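Below you will find one chain, with nothing else, as structure tokens; this is the form predicted alone, and questions on how it binds or moves follow later.
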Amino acid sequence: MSEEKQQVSRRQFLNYTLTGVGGFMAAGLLISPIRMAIDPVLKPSSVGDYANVGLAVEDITTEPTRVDWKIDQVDGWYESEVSKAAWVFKNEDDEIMALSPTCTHLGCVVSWEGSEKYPNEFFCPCHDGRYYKDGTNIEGTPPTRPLDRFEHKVENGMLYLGNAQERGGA
């Protein structure tokens, strides 16, 4: 075994030093983008959260009624209160239906019996979009798919609505 020390040249020293400093700088620059990419995955999801819309199940009729409610929304560091709406009624099978008031054509607001020309239909005034009472779009009108339907549940006699789910079909 040789006990002699190996000399490090000035060039090797500078090379090692600059490589180490460059590595630390690169790691420091990469931490922020990596954290931004991973952070949403680590946050708990609020999907499936239901909100009490303040409507008792016994008050729901077969006539569509517009229901408005507010939810707390967090977007990054910004917290806000967002207004939501739905058309709520019971269908022929006595099942609760909660339809989105947003037209699937261009996002305008539809209303129940919004046109005297087309009674008992949802009507979008922007481009004369029409939907049957169950939310399916009427053929020959601009909407290409039915109105979205809200997930719902009943607790203690009150209606809770979740997220709107897109329905397929024409």
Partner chain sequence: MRWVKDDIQTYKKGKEYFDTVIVPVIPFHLSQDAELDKSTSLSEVMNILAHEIEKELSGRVLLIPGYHYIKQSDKEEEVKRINSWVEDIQKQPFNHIFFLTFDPSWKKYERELEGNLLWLPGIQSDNIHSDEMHSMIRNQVAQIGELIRSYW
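Positions refer to the first chain, counted from 1. Everything numeric in this text was worked out from a predicted model, so none of it was measured. The term rigid core refers to the maximal set of C-alpha atoms that superpose within 1.5 Å between the two forms.
Heads up, the form predicted together with the partner chain isn't pictured, but that's what we're talking about next.
*Asks:* Within 4.5 Å, heavy atoms only: does residue 51 come near the partner chain in the predicted complex?
*Replies:* No, no contact at 4.5 Å.
*Asks:* Although the partner isn't part of this model, could you tell me whether residue 116 comes within 4.5 Å of the partner chain in the predicted complex, counting any heavy atom of the residue?
*Replies:* Contact with the partner chain, no.
*Asks:* Heavy atom to heavy atom, is residue 57 within 4.5 Å of the partner chain in the predicted complex?
*Replies:* No, residue 57 stays farther than 4.5 Å from the partner chain in the predicted complex.
*Asks:* May I ask you to check whether residue 109 falls inside a 4.5 Å heavy atom distance of the partner chain in the predicted complex?
*Replies:* Flag for residue 109 set to yes.
*Asks:* Given the partner chain in the predicted complex, answer whether the residues 66, 70 and 127 all have a heavy atom inside 4.5 Å of it.
*Replies:* Checking in the predicted complex: 66, 70 and 127 are all within 4.5 Å of the partner chain.
*Asks:* Using the core for the fit, does the CA position of residue 79 change by 2 Å or more between the shown form and the other one?
*Replies:* Yes.
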